[in-house]
Each structure stands twice: as C-alpha cells, then as structure tokens.
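Next up is one chain by itself, shown in structure tokens, the form predicted on its own.
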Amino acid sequence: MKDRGAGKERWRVETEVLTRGFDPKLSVGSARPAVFRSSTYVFSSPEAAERSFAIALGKIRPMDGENVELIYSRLSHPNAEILEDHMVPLERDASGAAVFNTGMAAISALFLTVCRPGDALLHTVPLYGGTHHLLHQLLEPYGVRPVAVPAGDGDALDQAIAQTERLALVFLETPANPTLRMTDIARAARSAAQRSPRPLLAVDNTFLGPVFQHPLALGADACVYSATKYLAGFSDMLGGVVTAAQDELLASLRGTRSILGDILQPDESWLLDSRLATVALRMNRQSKNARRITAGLADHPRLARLHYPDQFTDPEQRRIYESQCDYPGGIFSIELDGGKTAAFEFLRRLRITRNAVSLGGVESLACHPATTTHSEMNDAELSAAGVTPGLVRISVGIEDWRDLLADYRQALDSV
C-alpha cells in the first residue's frame, strides 16, 4: 500500500516515478505494488474511523506525513493513491493528483467542481469533441456560459479574460486538437491574475504532457489528461488524471469524484501506474519519429498544409512553442488538396497506420476529425476552428520512422 511518509528526499523524475509513495513493507514485501481489489477497509479503531471521515468530508486537514486510514474504494484505494503519488514527479510544481476512470470524467469533475450556474467558462477553440459536447449539451443548459476564443490569439484571450462577467474558469487546450495551434499559458496566467476574484486556469495537457510541456510551472492551476493516451500508451485502457498546484483544489476534485463515483478502478490504476516509468521513453521516440516524418513530408505536392510545432512558420506560434515546450511531440495534421474525398482516399491507402480515433499509443493511428472526433461541430464552427474537410490527424507510434514516411508518401502519391 501507500506510504505517506515516503518521498521526503527529492530525486530526479526517473527515480521518483519508480520509488515515491510506495513501501514494500506495506505490501508483504512486494517489489512493485500489488492490486488491492477490496471495496471496504477495516479501521484500526473507532477514533481512526471518525478522523478518516472528517478528513474525507473536508472538515479537517491531515497532518504532514499522516497515514490516513482508508474507508471505501469509491472514495480512494491503495492503487489510486500510489498512482497519484507517482504522477507528482512527472508534473512540475504539482502538489498532487486525482485519478478518474476516463479523460472526460476528469474534465467533467473539474468543470463541475469549479463552475456554478451563471458562471462563465472561457475556452480555446478548436476543442476536443467530447469537451465541446460536455459544454454545450450538458453544462450550458444548466446555466454555465461557454465563451470561445481562437487558440493562439493572445490579444483576444486577454480581452475575454478581462471583460467576461463571472468568469470562473479559463480552459486552454494547447496544442489544440487537431490543428496543433498553441496558446501562451504564461500570458493567460498573467491575465487571469489581474482579475478579482481570480478565475482558475486549467490546461488540457494530453498532447505534450507531462514530458514536453509543464503548464503548472507556467502559472496554470491544473492540468487535465486523458490518461488513455500517452500516459497509458498501449491503447488498451481508459483513464483520466488531474494534477494541481493547490491541495484545496485536489480535495474538492476528490470530493466531486466520490459523489460521481468515477474513480479509476484498482486493476486499471495498477496497470496505468506500471506504464508511468516508460512514458518519457515512449514519447521521446514518438517525437523523434514525428520530426523526421514531417521534415520528409513538408514539400510533398499533394499537401496544402502541414500542422506540426517543428514546422510552424507563424512567428508568434513559433515563439509560443519555443518558450513553453521542450519538444514538438508525436502528433501532426496534414491538409490535402481535394478536401474530404482526398482525405478519405489517403486514409484508405495507408498500410501501416490504422484508421482509428484516439492517439498516444505505441501504434500509429490516423483519423478524419471533421467526420469523427469533431463531428459534433457544425460547418461554421469547424471552419472557424480550422478543422477543414481535407484535414487528417496522425498520431505517430514507435514503428521505424522510415517505414512510416514511406507509407505516408505512397498514400499521398495515390491520392
């Protein structure tokens, strides 16, 4: 089980992600965490039960290093606590994490925790289709006002943060899905700090984090992950994570999670925890592959446009990328002359890369966002977001980059 007294001495990330918060003595000497499938936990005394409930309900705060006894697996369990502890060294400036059973569960918990009827939620566009649906089909009818700002437009974002009434949350998706447009996190944090009361700033960090982009170090309050993607890395499980700089926000998120009942289950928590030690290895390989592939495709005559941080030509986009990211990551998008027909033909011709949604797995995947992941948006919204009929999003895996480049070239040549 988890050792709350561990992790006092700080080591480098690669060491801490394997050692922090786990004591083999509490797991019958197991070198790595076991799976704890129990639904309920036995208290050592009535006083311990009383204290555990008082802490769980937010009436009191635990003391530093206190080993708070577990209650019930809907609230927390050993595998979730170990996983949350192992997320902390991966995310610079995080005080803790909360794990959920999907990425959308993590986003939903964040929005429901922070926003009340009458509040405004400012967000960048384009936005992942599931988040778009949550905002407009669920939260908006309940009185939360979504306010959209184009990704990468710093002036518009500054103005919206300053002028939007009852602004509770600023939610950035950067790089944006699927156009890869970036938004300046530090600038958004400075603008938010000028408001009183100050709105919370959260970043969907799924595309580049936690290895290549660190929003909390740039002033964000929370990072959201679809752990299904790079954190898990093998397209075989669902999961979500929120990391945050403030313990109070994490406590509130866990309270929302316990009510909604969407904590990540013990088996999946154990599985995800086992993947964290290799996330940097996998993402570095995928980023190197994508850099080589996009360099080889940049001048292909069938391409109208290539979206990838390493290929940015806009000076402001280049500046944002170089100031807040370490590497460009493993996702790029291409726009084909010929629109939807050309995009579909390209997907049909691929031999290695599979036509599927999702991303971040060790296998390469490609999809047509306008008719899949972003199909909830109408034509005007798609156009405003830059999600064109000819756009294809590609998530590069760990295959040999030369094979992938040849595959994309032959598919483009056949269009």
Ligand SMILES: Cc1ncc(COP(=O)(O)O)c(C=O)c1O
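Model, not experiment: these values are computed from the prediction. Counting begins at 1, following the sequence as shown.
There is another form of the same protein, the form predicted together with the ligand; it is not shown, and what comes next is about it.
The ligand in the model of the complex is approached by residue 228, whose closest heavy atom lies within 4.5 angstroms of it. Taking the partner from the other structure, the ligand in the model of the complex has no heavy atom within 4.5 Å of any heavy atom of residue 293.
Interface membership of residue 359, defined by any non-hydrogen atom within 4.5 Å of the ligand in the model of the complex, is confirmed. Within this chain, residue 239 lines the site of the ligand in the model of the complex, having a heavy atom no more than 4.5 Å away. This chain is displayed without the ligand, yet in the model of the complex the stretch 170 to 178 from 136 to 144, 170 to 178, 263 to 271, 110 to 118 comes within 4.5 Å of it by heavy atoms. When you look in the model of the complex, the only residue of 332, 128, 212, 321 with a non-hydrogen atom within 4.5 Å of the ligand is 128. Interface residue among 235, 246, 102, 258, judged by heavy atoms within 4.5 Å of the ligand in the model of the complex: 102. Contact residues in stretch 243 to 257 (any heavy atom within 4.5 Å of the ligand, taken in the model of the complex) are absent; none meets the cut-off.
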